[in-house]
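The chain that follows stands alone, in the form predicted alone, written as structure tokens.
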């Protein structure tokens, strides 16, 4: 065990985070930077990418970023190629770009539904498919950021439920196909996480926030660094025999189904509707 702990060292490793300019994904990138990794990221906004790179450099290591929309394969492929040329083969590849809003199925357009599926599911495929040729083989760790909507049906979340369930099945499929190459593919399912745009949308009021917290057995929101720690674990030798897994990091929230989080989203939708 002592040898495993000492070898969980990311100094000099290349980590690429898609959607890494903010929120949970930037928190993950920071945890790898703190452990000495060379971190590359991509996101749609050049300004946010630049700010995130400066944040990562503040941890004392190397960092770079490119503007790229995960819905467009060529943009993603160019970003991954640039990262590999600068930092070497990619040891950890994380796909975390996501979109969300609260709306009933009859209250969203086909284009709105497609937009979330394209960002989440197509984006994850694009990142992993374009990244394959640049991976360290054997030994690469691929992680998709999923959501509780992959496990339970939530009202007002048809688009996200479909996209995230697709991501988790993609993860399982790639784990089977790429396992013989020594590539591990897993997903992390964050619960309610503090200071994120997602929770600001899903539980925007104090009442909605409290309902969300009441649905977590540990009775608190998680932190971005706790999701980062899970990514460190899944990418370390301590998880060398784990692939095709969905790891909830949620304080136990998914154990009770949609529950209180579903109530929080319903409340958010009703309050937004009343405000219009």
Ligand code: NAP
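Positions refer to the first chain, counted from 1. Predicted, not measured: the structure shown is a model, and the values here were computed from it.
We do not show the form predicted in complex with the named molecule, though everything after this point is about it.
Engineer: Going by a heavy atom distance of 4.5 Å, is residue 147 a contact of the named molecule in the model of the complex?
Structural biologist: Although the named molecule is absent here, residue 147 would touch it in the model of the complex, with heavy atoms inside 4.5 Å.
Engineer: Would you please decide whether residue 231 lies within 4.5 angstroms of the named molecule in the model of the complex, comparing each non-hydrogen atom pair?
Structural biologist: Residue 231: no contact with the named molecule in the model of the complex.
Engineer: So in the model of the complex, does residue 40 come within 4.5 Å of the named molecule, heavy atom to heavy atom?
Structural biologist: Residue 40: no, not in contact with the named molecule in the model of the complex.
Engineer: Contact between residue 170 and the named molecule in the model of the complex at 4.5 Å, heavy atoms?
Structural biologist: Although the named molecule is absent here, residue 170 would stay clear of it in the model of the complex, with no heavy atoms inside 4.5 Å.
Engineer: Would all three of 90, 134 and 244 be in contact with the named molecule in the model of the complex, where contact means some heavy atom lies within 4.5 Å?
Structural biologist: Heavy-atom distance to the named molecule in the model of the complex: none of the three under 4.5 Å.
Engineer: Which one of these stretches, 92-100, 177-185, 134-142, 78-86, sits within 4.5 Å of the named molecule in the model of the complex when only heavy atoms are counted?
Structural biologist: In short, 92-100.
Engineer: Find the only residue in 158, 151, 130, 193 having a heavy atom within 4.5 Å of the named molecule in the model of the complex.
Structural biologist: Going through each option in turn, the one that passes is 193.
Engineer: Scan 119-136 and note down the residues that get a heavy atom within 4.5 Å of the named molecule in the model of the complex; none is a fine answer too.
Structural biologist: If the 4.5 Å heavy-atom criterion is applied to the named molecule in the model of the complex, 119-136 yields only 119.
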